[in-house]
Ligand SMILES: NC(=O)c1ccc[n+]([C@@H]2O[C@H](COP(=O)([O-])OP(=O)(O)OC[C@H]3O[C@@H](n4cnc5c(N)ncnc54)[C@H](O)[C@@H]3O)[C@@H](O)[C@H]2O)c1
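Heads up, the chain below is alone and in the form predicted on its own; it's given as structure tokens.
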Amino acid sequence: MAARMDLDGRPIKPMTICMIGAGGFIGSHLCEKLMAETPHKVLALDVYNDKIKRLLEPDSLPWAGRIEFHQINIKHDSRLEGLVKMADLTINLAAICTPADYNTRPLDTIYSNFIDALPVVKYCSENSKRLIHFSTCEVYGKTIGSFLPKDSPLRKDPAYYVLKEDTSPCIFGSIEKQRWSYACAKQLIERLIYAEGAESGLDFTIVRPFNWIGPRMDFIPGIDGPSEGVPRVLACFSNNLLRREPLKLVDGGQSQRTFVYIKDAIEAVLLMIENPDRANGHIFNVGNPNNEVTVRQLAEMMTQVYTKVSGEPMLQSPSIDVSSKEFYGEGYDDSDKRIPDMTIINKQLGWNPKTSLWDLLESTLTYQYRTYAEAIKKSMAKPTAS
């Protein structure tokens, strides 16, 4: 493998990375990238390894010996500190990050995203180890623009909607809106990490993902996840399409989101890993402001893409409106728009996303159709009378 150079033209030394949550959606893509393109070693920590199993065996793989799986639940495992000490860098991806859980499991959500992350930060700080911590775009909450009067001309000014790492306020709903339990926990751990940097010299980078999309994201209920679970919006819509059910638009699908392709986003993370001098001490939005749609528009586009991918005809009524209370339960609230400002990551790392929304949806739905369609057909088949 040819010597890799950082953005300042210096050779990149091989490092050992302790990756917590390596078996998840983001972790599996990051492990793939690190194995295929770098000399780095990964200590892969997670409860499950289904999504990275093919990277772990057989021994004949070109990266054999550079990835080790450690089955660990970081809530209560004494091995965690030792693994952090063995590594040059710790990446923390572990989280409960499914909106349906924020209302129904607020305690688990807060513990997972704040309490369980505390030892990771502590071990990195005490042992002078670098930390890349994954937060969320949800820390921004609602935009200033959402509070303007409906007829205000200021509603057309992007300054009231674009989310900037260093200047945008974090605006959450009231306490009984438990949907914000996730955002609050994530914001507090960010503040703690930032304080460790200021007071104890912790080298840190905080990542705020804006809807990363691609193969292996989230679960399809009853197929590779719990039957009663509610995944995030794109997997919800994929599940409906695969089952030939109308897509459910919560409160009319008026919320706006931006989506970025996982492979583009992983390029950004690799730049952070290999350019510590440019990444340390920074918070980075990682998203694609060019891929902005309402949830209703997303449903329409996914229906068109799925029709192309599967060859199946479109349903006569491809979507239905449902209330957030009916879909998520009491205490749900939502942010209106999530448009990332990309100034800091572009300046520090020279990163820009490339993949259009249509292309990333086509890649994701092609994967999901090939992976899940047969299993779903079998699960829906009615038993024949003997």
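Note that the structure is predicted; figures quoted are calculated from it, not measured. In this text, residue numbers run from 1 along the sequence as written.
Separately, the form predicted together with this ligand exists; it is not shown, and the next lines address it.
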* To do: Open or blocked, can you tell me? Superimpose the site C-alphas, put this ligand where it sits in the predicted bound form, and call it blocked only if 3 or more of its atoms are within 2.4 Å of a backbone or C-beta atom.
  => open
* **in the predicted bound form, segment of 273-281, 120-128, 94-102, 147-155 with a heavy atom within 4.5 Å of this ligand** => 94-102
* Whether 46, 212 and 217 all lie within 4.5 angstroms of this ligand in the predicted bound form by heavy atom -> yes
* **in the predicted bound form, the one of 232, 177, 308, 164 near this ligand [non-hydrogen atom within 4.5 angstroms]** => 232
* To do: Tell me, out of 261, 204, 134, 172, which residue has a non-hydrogen atom within 4.5 angstroms of this ligand in the predicted bound form.
  => 134
* To do: Spell out, yes or no, whether the shortest heavy atom distance between residue 52 and this ligand in the predicted bound form is within 4.5 Å.
  => no
* **in the predicted bound form, residue 73 touching this ligand (heavy atom, 4.5 Å)** => yes
* Asked: Can you check whether residue 25 is within 4.5 Å of this ligand in the predicted bound form, heavy atom basis?
  -> yes
* Asked: According to a 4.5 angstroms non-hydrogen atom cut-off, is residue 182 in contact with this ligand in the predicted bound form?
  -> yes
